[in-house]
Ligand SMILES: Nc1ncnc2c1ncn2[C@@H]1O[C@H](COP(=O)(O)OP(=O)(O)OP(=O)(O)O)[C@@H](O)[C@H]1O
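Have a look below at one chain only, the form predicted alone, in structure tokens format.
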Amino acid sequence: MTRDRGLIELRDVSCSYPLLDGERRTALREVSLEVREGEVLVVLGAGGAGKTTLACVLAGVTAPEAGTVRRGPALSGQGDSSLPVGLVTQNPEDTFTSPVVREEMGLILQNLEWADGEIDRAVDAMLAEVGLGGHAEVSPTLLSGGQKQILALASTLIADPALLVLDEPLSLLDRRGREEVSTLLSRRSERAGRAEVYLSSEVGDALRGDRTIVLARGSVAWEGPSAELPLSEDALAEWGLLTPDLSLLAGLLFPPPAPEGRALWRADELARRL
């Protein structure tokens, strides 16, 4: 593990799960990776590539059958009032256990044994920050899709995790919900020293990260700087991924060689180019 920089390191981690017929299916096969302080690591993969299993291993929810997981001092959690690793899943309703929004947001702080007054102040501040102050006494099940995902995120961020693991947090949201959650994540990423692992099946999400890893059939198929992610049809087809619409459009408007050698495009960049 990189000295003073590594939060968590996986070496040759393998996991499988049982099938109804008694056989087992491999979810991760000898996966090695490192997450460093202050970075955003994007993990791309098609359905069934092993992303959710990897998220659970990183969060400590699932123990690998083989290989090692080494956690740096920031994730030890010993004697700390903050959360070492926060996991936000694709479907937030699967994690809600409290009758109202306020209690759901403060639940993790109760588990960390914060004083009641400190919990109330932290919850009030977070409710105001994420725009849920008017829904404090509402059941989480009555929120919109975007509001549910924001609640799930805020309920984790309130404990200031050193590592935030996001398992396809935008996949079930409409455009407005995606924008709301993306804004919240952008504000969080500005905090120094905090790291994020963002797991997605959307190739364009590589732009969110400093580095990108591609999972295919449970193994690491590619790793490198996000800007260098190959977008050839052969590579993406092999990984079960689709070329982003913006890249297809840019290819039609600006035939290869593309300006500045850019492989991935942001909407605002393409608009300026046009």
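All values derive from a computational prediction rather than experimental measurement. Note that residue numbering follows the sequence shown and begins at 1.
One more form of this protein exists, namely the form predicted in complex with the ligand; it is left out here, but the text below deals with it.
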property: Proximity to the ligand in the predicted bound form, single hit among Val42, Ala49, Val35, Val31 (heavy atom within 4.5 Å); result: Ala49
property: Heavy atom within 4.5 Å of the ligand in the predicted bound form - residue from Gln90, Ser98, Ser144, Ser182; result: Gln90
property: Exercise: Glu196 in contact with the ligand in the predicted bound form, heavy atom 4.5 Å; result: no
property: Partner proximity in the predicted bound form: Leu19 to the ligand, non-hydrogen atom cutoff 4.5 Å; result: yes
property: 4.5 angstroms heavy atom contact with the ligand in the predicted bound form for Leu241; result: no
property: is_contact(Ser226, the ligand) in the predicted bound form, heavy atom dist at most 4.5 Å; result: no
property: Segment that reaches the ligand in the predicted bound form - one of 233-241, 203-211, 22-30, 57-65, heavy atoms within 4.5 Å; result: 22-30
